[in-house]
Ligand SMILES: O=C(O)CCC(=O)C(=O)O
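This document starts with one chain, in the form predicted on its own, laid out as structure tokens.
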Amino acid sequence: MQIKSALDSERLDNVEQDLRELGYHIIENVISPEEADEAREVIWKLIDEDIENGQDHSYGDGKIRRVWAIVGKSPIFRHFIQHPTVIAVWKRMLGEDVIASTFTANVVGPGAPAGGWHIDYPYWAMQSPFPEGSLTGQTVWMLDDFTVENGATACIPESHKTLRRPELGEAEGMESVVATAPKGSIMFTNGAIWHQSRPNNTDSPRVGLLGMYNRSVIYPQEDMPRQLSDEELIEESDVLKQLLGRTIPFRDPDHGRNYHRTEDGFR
């Protein structure tokens, strides 16, 4: 799989400005349609495996389905989670020691209803007012064309600046934008922006990946360190090891040393 180089400094400046001011930014055609189709095919296989194993991660009247812990389930997702464009953005916004919080697949099926207006972890676990600055960011990989008709993500620009979650019903009727873009594009969002998935009024599912990244001081939502075994990680990049939280030191002052996470404990 071919991976394009990271963003140049001017484009990265534009992304940062939009994330800080508007709360979102879209980069089109980050991967080819063929690469998106490859990932999409893997997701459907994983969904079949989940169903066979009695793992029904569905909601929205059963029309929206999530596949969790995908980093360890296919090499293609290990490529995507550390894509140079993605890492360039989140290192700029969240620091050089950025970690991954969660990486999942999300399928919005035909007839799926709109999702509720919400904010992302860790903000929904915090009391307002939230601290200023960026704690986390979401990366939406579009493996299909995202359109108004098929349930693309909607955001309320600048809502992240309120430093709080929306009250029930508050976001309804507010001016919002729908993130429409061709297959292979990425939408980056500030984790505190008010957003929702729109209803899918088509006859086809809309497939995406959701990759959340945190400042390293924020505990991840998924157990990222255990998604790959120690043996599987040997041939992987230092970037992936960092994203999975395998390089974060845990200080043991009594013994004058640091420990690091392994697949089943600390070393």
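Quick note: we count residues from 1 along the sequence shown, nothing fancier. What you see is a predicted model, and the numbers here were worked out from it, not measured in a lab.
Heads up, the form predicted together with the ligand isn't pictured, but that's what we're talking about next.
Of the stretches 43-51, 237-245, 27-35, 206-214, only 206-214 has residues with a heavy atom within 4.5 Å of the ligand in the model of the complex. In summary, among the residues T139, T153, S101, N190, the only one with a non-hydrogen atom within 4.5 Å of the ligand in the model of the complex is T153. Exactly one listed residue, out of T147, S134, T162, N106, brings a non-hydrogen atom to within 4.5 Å of the ligand in the model of the complex: N106. Although the partner is absent here, S176 sits far enough away that none of its heavy atoms falls within 4.5 Å of the ligand in the model of the complex.
Residue contact check for T180: none of its heavy atoms lie within 4.5 Å of the ligand in the model of the complex. Contact between S197 and the ligand in the model of the complex is found at the 4.5 Å heavy atom cutoff.
Under a 4.5 angstroms non-hydrogen atom cutoff, the ligand in the model of the complex has H118 among its neighbouring residues.
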